[in-house]
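A single chain comes next, written as structure tokens; it is the form predicted alone.
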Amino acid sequence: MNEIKKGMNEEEIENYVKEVLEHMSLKEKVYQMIGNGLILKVLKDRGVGRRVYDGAGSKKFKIPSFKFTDGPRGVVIPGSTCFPVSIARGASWDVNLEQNIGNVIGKEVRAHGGNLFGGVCINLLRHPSWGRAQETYGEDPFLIGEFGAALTRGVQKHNVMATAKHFAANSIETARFKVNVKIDERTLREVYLPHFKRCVEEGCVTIMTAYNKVRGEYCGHNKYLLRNILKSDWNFQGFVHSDWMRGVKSTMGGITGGLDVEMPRAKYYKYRKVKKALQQGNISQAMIDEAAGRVMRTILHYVTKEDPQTYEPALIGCEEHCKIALEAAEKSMVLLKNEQNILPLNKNKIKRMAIFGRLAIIKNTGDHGSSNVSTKYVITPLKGIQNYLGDSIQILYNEGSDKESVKSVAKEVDAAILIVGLDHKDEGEFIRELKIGGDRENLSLHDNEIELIKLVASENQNCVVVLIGGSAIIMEEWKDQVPVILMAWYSGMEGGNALARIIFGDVNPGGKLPFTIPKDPNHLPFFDKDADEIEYGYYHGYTLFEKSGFEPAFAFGFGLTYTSFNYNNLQVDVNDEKVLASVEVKNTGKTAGDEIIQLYIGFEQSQIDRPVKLLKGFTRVHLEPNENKHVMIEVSKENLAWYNPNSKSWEVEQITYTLYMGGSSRAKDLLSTQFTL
């Protein structure tokens, strides 16, 4: 038998796996299809996520195991760098930064002894009540796909297998183990799958299935999703593994459905159960060989590559990585309102300031489920402001529960910062036993926080509301009473420092919303967190608002800065494969800043039902005061296609399209022109 060595090419790996399969027993093949236990390790560690968890592999045939760790906020093993949650990073609209984050994560996975990162979470944010909205990048398939691809590139650079999850249509948390998603073919193909396809095209080598059902079949058993679409239509060559604990319901269902690996241990993929199913003719030997072969082939492809560097434990949570966490926090925060240009605050004109709210002193980096990162430190909002100001300004902290104290403090200070929002008890992965997480029932702030905002705003006109959370927060009860609103998200280990630098103007905020914030929750799609069955429609987010004529509180792609930008000279050219759009963008203010240029395509002349417009390109650029840049964005003609369920094919209409470019999805922020195919 050939030897495993560094630098093996595809043909050598293929031949080796083929030869191994010829010599393996059924039991040895089945071992490639399971995680290697969990319960004893968790008991020993007194918790999940404190080490990598291995599966597959063969000492006899010298094939290493895969070694799994989770994300996407960073590597969940203690000591790792904790980045802002994915929804925050989506608000940066900076795919280069996301690739850098993936690069850090890949290094830290390797330094922890792992080689599989289960943290490319790209489920679509259909409704802001979804508890795990913070783990994805937003409501738009194109945006999500580009960010998932960027994270994949960064992680896999370091010979770490990336996992895109949860496949598919997983947008409800509390009912995730039972809910059946009814969905038509166009909605599935055009709305809920493009981002997964994008990651597969980028080379993402493993896929994790979702717990929910799609069209009556659990995703881990879903032959149409796994075999027909993923493996056949998309030619996916990697392996598919289940989500943990309840991702498989039967031996025959999983194997015939196309699930290659049961995680984190064998329950239905136990040797005796697989052998029995094989003897009864419920599964075939070819299915076993395919699954085991996919796993071994993928592992060998990564462990036999030459590493770009060494991976010492000192890399984990190092200073360089923490600086990238700070950059991510700074670039992700979204300024939603800034009347009278109150921000940035001038510290030379302030003698006393107050920080209100219990969240100001809490290490609040997101949910406490599988994505929780046990990092070395967390800079809270209060600590970040104290770090920034030192003794130059007197800072008063008030938790906010005593009304008279709040009014008294707010009245006597020069500026008031309110830190309000959500934490792991309000939203996140649903853990019934701990009574945390799950989907949100109320999209507003807590009543006591709304009262706190109104009290402070009534006493101090230099009032800044900082929102913490992982999804849209409805603000209609109070947003007209305050001059400044800043969305700060769960901003990671350096979040407090980033917040201070933005508030005092060292950093010009440039983030923009990756979802729509409604005025009225009735304008959103139907959502039932306890549903046994639910139908996902073609429209949600900005496509629903535009199609229905609803005015949002804050539009998709919206965000303010401390400067202003002007757009001119929109041009479009079409060649055989691409639409080429360009525009002139000028910083017309006195402060350097970043602008996020967004490109949308409109379908007014379409003969079928299509959105008013769809995001098809974006880029983030930095401009100095008075600087003008020529910005070009390309759109592949294939990205204009719709899925025809009758012909079972993607079709590009030969019509006149409208091309929009500008600073948000709002009509008034966009220039437009037309082109014809």
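Residues carry their position along the shown sequence, with the first being 1. Computed from a predicted model, the values in this text were never measured in an experiment.
Just so you know, the form predicted together with a small molecule exists too; it's not on screen, but the next bit is about it.
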Report summary line: Interface check vs the small molecule in the predicted complex: of G118, G541, P381, G90, the one with a heavy atom inside 4.5 Å is G118
Query raised in the report: in the predicted complex, which of the listed residues (F565, F545, F558, Y211) lies with a heavy atom within 4.5 Å of the small molecule?
Result: Y211
Query raised in the report: Tell me which of 266 to 274, 212 to 220, 496 to 504, 161 to 169 has residues with heavy atoms within 4.5 angstroms of the small molecule in the predicted complex?
Result: 161 to 169
Report task. Please check if F68 has a heavy atom lying within 4.5 Å of any heavy atom of the small molecule in the predicted complex. Result -> yes
Query raised in the report: Does R153 reach the small molecule in the predicted complex, with heavy atoms at most 4.5 Å apart?
Result: no
Query raised in the report: Within a 4.5 Å heavy atom cut-off, is R132 in contact with the small molecule in the predicted complex?
Result: yes
Query raised in the report: E330 near the small molecule in the predicted complex, any heavy atom under 4.5 Å?
Result: no
